[in-house]
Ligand SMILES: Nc1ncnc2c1ncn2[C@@H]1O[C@H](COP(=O)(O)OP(=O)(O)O)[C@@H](O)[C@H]1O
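Okay, so here's just one chain, in structure tokens, the form predicted alone.
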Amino acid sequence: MKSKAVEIVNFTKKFGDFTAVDNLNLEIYENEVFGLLGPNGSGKTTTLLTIATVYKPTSGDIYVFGHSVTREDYVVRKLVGIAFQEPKAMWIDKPYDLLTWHARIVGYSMSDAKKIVREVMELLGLWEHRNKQFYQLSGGTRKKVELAKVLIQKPRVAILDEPTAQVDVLSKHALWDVIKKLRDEGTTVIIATNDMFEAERVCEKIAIIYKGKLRAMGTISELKDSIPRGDVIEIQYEGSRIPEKLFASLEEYGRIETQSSTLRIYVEKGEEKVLDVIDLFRKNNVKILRIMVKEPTLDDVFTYITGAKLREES
């Protein structure tokens, strides 16, 4: 059984009268990619910065491999690496110099630092930008420099705050592969994102946070299955209408919508029901021209749980 990499216990963080995170409880296990999904201002970044010991809890505590962020922050900082949402550098810094300095800080010898920096920069497509000044880099390239710090450090827990924001589509896919590689090499990865596709692509488990509170947690499949009859079986059939007997049989599976020669059935676990539906059409001598099963998106899950739209909130 995997051990707990991060345990968040009754964690609350206030800034004056404003409660950014309200009594959060979470368990994140080693060697998994865990996502915090929610709109900007939901408390994701506050939680990550507290795990990284940048902030201290107002109440409650957070443990990283059993070490308290409030009482053993000096130990936690050796275990955690963070790529900030806004890259941290001086405008005149050069990526190569910045990353070499970072490698030395986390314990590499000068010769090993030069080797690992080049390796990581080539992996992220940064080598050609190594001697540019930071202000000359695009927003996406700056994000890659920030991520490079974590890849160089190889911490036991990697915190990535909006890791692919401002990054082009092709680079996003490459960075997602890098994140999985980091996990495969033994690092627990925690990602804060409001990008549903990113969450589905890289996260094994997700916590939905909204207005500082945990609203739901589970695997992507578990979260999607939490919506009653959230799957849609969409069928395009031959003819202008279907027999009443077939329609009545289909209603037993869920709510039905019809439009022209297309029928939609709202069901739970559509992938399990679709074969039965096909069999009913066959027995009633109605030819299916096209059939597909659509599952809910994480946006649908977010809306069902919170009553808000993730995209609009973001």
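We number the residues from 1 along the sequence you see. Keep in mind that what you see is a predicted model, and the values were worked out from it rather than measured.
Below: the form predicted in complex with the ligand, not depicted.
Novice: Select, from the options 259-267, 36-44, 58-66, 275-283, the stretch whose residues sit within 4.5 angstroms of the ligand in the model of the complex by heavy atom distance.
Specialist: So the stretch in question is 36-44.
Novice: Pick from 153, 141, 187, 85: which has a non-hydrogen atom within 4.5 Å of the ligand in the model of the complex?
Specialist: Result of the distance check: 85.
Novice: Do residue 20 and the ligand come within 4.5 Å of each other in the model of the complex, heavy atoms counted?
Specialist: Result yes; residue 20 sits at the interface with the ligand in the model of the complex.
Novice: Of 168-190, which residues get within 4.5 Å of the ligand in the model of the complex if you count heavy atoms?
Specialist: Not one residue comes within 4.5 Å of the partner.
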